[in-house]
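Presented as structure tokens, the chain that follows is alone, the form predicted on its own.
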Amino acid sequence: MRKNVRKFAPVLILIPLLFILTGCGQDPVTKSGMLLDTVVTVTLYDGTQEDLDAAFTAISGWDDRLDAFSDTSEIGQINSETPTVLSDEIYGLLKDSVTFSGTSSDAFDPVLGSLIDLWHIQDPEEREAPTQEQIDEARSHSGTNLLILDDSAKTAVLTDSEASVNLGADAKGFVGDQIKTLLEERGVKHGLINLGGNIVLIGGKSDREDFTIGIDNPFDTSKDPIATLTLSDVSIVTSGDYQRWFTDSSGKKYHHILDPSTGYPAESGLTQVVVVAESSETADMLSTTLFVMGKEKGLEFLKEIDPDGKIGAVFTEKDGTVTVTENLKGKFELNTEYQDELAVSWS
């Protein structure tokens, strides 16, 4: 049986976007705390402290229910060979994950816990990568074919005791959608939810002003954002290779975004993908998937699943090429500081 090492051991680490908040008519109220294995911040422009407290209580509740390494959580109980009865919400999330895995031809995999635990990529350090034999073994315990869902009974069971469900690539997106709905039901019309880099916008900063979101410089996060997105009432999720990684003794770098088809960190030519979508869960799943696929396949995949062009994306390649989907024209602006370093094209 695998060793449980981390709550949301990520397929995807949700790279924090630098968000820029300027003044509006009412002083915002804000609250931060450690939940979902990350720093969570909620800022409301027309809400109250009670609204913030309600949001954090709800996030804490979802944290408990989605903890993959708790014997009492719904997700944690799936990591066994005994059928687990799930709530409608958690079953729906798991069903979404499995369905999307099939749609993506398994570029996205919610049953990747064995590989995630094997690599255990946390903070930058020097160590050796797993052996090919270890990777092959972990891959044999991965894949949605090992998970059986029963729609009528709302149950889930794994057929392999060494396999495990890990929703690190969409759990935060799911929670973001839930908290946005909660706050809107409480009357909040203007706010920003940051779940460790999953940005969820409630309206704009005001009825007349959008939020301005900065996209991290993936080549040097200590520098200014490479670009900004001016948006309202959407979710923005980033996937990048530059926050969690390690190097081996030869200097080779291994990042945390694993390609299920190889068992290794994805080598797609990308260093960052930003996804803009109405649903945070959708943006969350897509950011990982597009990074694994690479720019060309990723753009084709977007057109297949989103023929109306409602989902936006920004692809940054290792050579400094930035490709932005046409639906973000007028919303994406490259920082003038990088106009000689980065080449922007539209697709």
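One-based numbering along the sequence shown. These numbers come from a predicted model, not from an experiment.
Heads up, the form predicted in complex with a small molecule isn't pictured, but that's what we're talking about next.
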Though only this chain appears here, would Asn79 touch the small molecule in the model of the complex if you measure heavy atom gaps against 4.5 Å?
-> no
Is Leu229 one of the residues lying within 4.5 Å of the small molecule in the model of the complex, judged by heavy atom distances?
-> no
Does Thr316 make contact with the small molecule in the model of the complex, using a 4.5 Å heavy atom cut-off?
-> no
So in the model of the complex, does Glu281 come within 4.5 Å of the small molecule, heavy atom to heavy atom?
-> no
Give a yes or no on whether every one of Thr38, Asp63 and Leu195 sits within 4.5 angstroms of the small molecule in the model of the complex by heavy atom.
-> no
Which one of these stretches, 237-245, 202-210, 215-223, 138-146, sits within 4.5 Å of the small molecule in the model of the complex when only heavy atoms are counted?
-> 237-245
Heavy atom within 4.5 Å of the small molecule in the model of the complex, from candidates Ala277, Ile257, Ile179, Leu118, belongs to Ile257
Answer option from Ile75, Leu112, Leu270, Val175, heavy atom within 4.5 Å of the small molecule in the model of the complex | Leu112
